[in-house]
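One chain is shown next in structure tokens, namely the form predicted alone.
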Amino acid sequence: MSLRIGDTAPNFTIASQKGEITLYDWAGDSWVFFFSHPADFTPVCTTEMGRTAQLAAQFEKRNTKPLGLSTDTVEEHVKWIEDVNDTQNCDLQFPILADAHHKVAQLYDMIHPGESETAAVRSVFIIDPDRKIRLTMTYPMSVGRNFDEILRVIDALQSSDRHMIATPADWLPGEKVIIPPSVTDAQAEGQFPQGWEEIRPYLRLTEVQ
């Protein structure tokens, strides 16, 4: 099953080191950063799990819950988390799904035969409170994720929803945003009373809080 932006994220129920997780119930009214790993006790995965734990306050600030997945058992997760905390100087508290039978990995198309027949690639799904998939990213097994980009894209999605805007390349919070071409100047006057800079009729920049 190939999931695309705008699709409804499939629900599931599966074990984790924090107990059984049913995605929709667990997510509640939060955003979800759902990300998979090839295996426990592997070096790149250990750094990524540690980085997610270190950024716990940043995810909470964005009303976003991290949710990991690895094709290993709960028992292996518990042992591995001790290693993650020790080597990455963190306190990992978010759930890691125990997907030893590839139930969720197959549901979310995380097994890529060109990489491995048994391990999930480094997939990322950003899921909004309406259960819609808002972003997907897939990294090869050998490349660790950029967590600055993950936080940045959550900020961009949430700002876009809040203000009905788009964001330019490399945008960071506090920088100017784009008024979408679908918004006429007359509509923009009501939506953006602060005004805007028109570089081209299709490229209008404004500031939002």
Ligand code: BEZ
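Bear in mind the structure is a predicted one, so any value in this text is a computation, not a measurement. In case it trips you up, residue 1 is the first one in the sequence shown, and so on.
Beyond the structure shown, there is the form predicted together with the ligand, which is absent from this document and is the topic of what follows.
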{"property": "In the predicted complex, segment of 174-182, 36-44, 52-60, 148-156 with a heavy atom within 4.5 Å of the ligand", "result": "36-44"}
{"property": "4.5 Å heavy atom contact, His77 and the ligand in the predicted complex", "result": "no"}
{"property": "Any non-hydrogen atom of Met141 within 4.5 angstroms of the ligand in the predicted complex", "result": "yes"}
{"property": "Distance check, Arg122 to the ligand in the predicted complex, heavy atom within 4.5 Å", "result": "yes"}
